[in-house]
Structures are given as structure tokens and as C-alpha cells.
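Heads up, the chain below is alone and in the form predicted alone; it's given as C-alpha cells.
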């Protein structure tokens, strides 16, 4: 069985999604693989749609793994949720064709970065949003987002995930297709600003540095022309720094209908 699962997790206490050496700390992938092994008695490699960084959350991560255990997808979901820590949950499960791969079959991924834009901090939002007390021109940030759309080199905001993989020597390109990008205030709670991005794929650290640079635009510390130049030059040296990880969440992964992955 090639089992596909929709995963939600609070990434606060994890050293990212991808399994690493134990000395680096616990990971989401490692926790799920441990639970699968306890259920089936056999180790199964978990493949994720996105390699979220340490402290980053997910409401729409997608994973897949292979197992010979004679269990239905419903039983798998119930068993995994019984063993996983409370910070990780399996929201849905389904069986997919053998050729399906959570990462390589995806046609787009969507991330949301949440900003708490009030003078006073909010303990109830602190775990999942970045407190930015300074006034922000969200309409100007939205204008800047339009400069991110299309297929281009996003090297100014991140690096290829394969750069640290010794099995994949360079050159590593940073070209991606941004399908949607927007900054909006929550209509029901004006203190919350959402920065939403959908692309065919993302570079490591890309969303957080885009947000950090958009914040400079929102504070009128960076003009729209200067932002456009940063995007066009694709050089990593510029004023925008990465926003903290806790405001970021992987919210959705899309797949071709032919795989029958029901979310």
C-alpha cells in the first residue's frame, strides 16, 4: 500500500520536518516514522511534500509511505493518532497509486505567514504569529507582492534545497514559478496580517525572507522600485532579513486529479 496522509503539526518544538541526526533534535518525520514502525513492526521511510524548517508549522503537509501491513487507511489514521505526540495529527488518509510521491508529484504548495500588527503583544497569537508593533502599509506590501508573480530567479530570498546534498552537486538553480502572492488584513480582526504565497516549489528560507523584505516595504523603508530591483537582481545581499519561523505555516499542497488524493 502507498498510503498518503494529510498532516497538521505545531513545529515549535521540532527541528524541522526532515529527519536528521538525533543530536540535532527531534523532527516531525522522525516522530511519524517511529509511530509507523510501532504499528507495523517494520521501518518505513516517510516522504513529505515540503521540508519545513525548525519552528515552522503545517496545517496542510502531505506525506506518503509504503507498508505491507494489512490495514485500511482509516485504521492507519486512528492508530497513528493514538501514538503520535499531541503536536502532530493525521487529518486524513487515502491510498494512492504506486507512482505517487508526496514531493515530486505536487504541482503547487501554499504557505501563509501571519503577522500580529498591534502595539500590545497577544499571548494567544504569540505561538503562531510574528508580533510587529510598528504601523504597516499593507496596500503597499500588496503592490510589492505583484512583483513576485511569474517564473523567475528567487535567489534573492533563498537557496536550493539541494545545495547541502552531497549526492546532488551543482549547479543549483533558484528558478521557481510564483502562482499567487498577496498581503491582506483579516477582515474580522484587523490586527492580523496574512502574507500568502503559492508556487510550484519554494527555496529553503524563501518565504521568510520575502516576508522580511515586504515588511521593509510596509514600513516605507524600502521603495517599490528598490523591491523590484532586489527581485530582478536575485542577489542574496540586500536589506531584507528573514522573518522568524513561528509565523509560517504550510497550508496546502495540490496534486493532479489523476492520483485521486482527496484532501
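Quantities reported herein were computed from a predicted structural model and do not represent experimental measurements. Residue numbers count along the first chain shown, from 1.
Separately, the form predicted in complex with another copy of the chain exists; it is not shown, and the next lines address it.
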| property | result |
| --- | --- |
| Interface stretch in the model of the complex with another copy of the chain - options 142 to 150, 110 to 118, 177 to 185, 96 to 104, non-hydrogen atom within 4.5 Å | 110 to 118 |
| Contact of residue 254 with another copy of the chain in the model of the complex (heavy atom, 4.5 Å) | no |
| Contact of residue 124 with another copy of the chain in the model of the complex (heavy atom, 4.5 Å) | yes |
| Heavy atom of residue 89 within 4.5 Å of another copy of the chain in the model of the complex | yes |
| Contact label in the model of the complex: residue 81 to another copy of the chain, heavy atom within 4.5 Å | yes |
| Among the candidates 204, 198, 40, 59, the residue which, in the model of the complex, approaches another copy of the chain to within 4.5 Å (heavy atoms) | 59 |
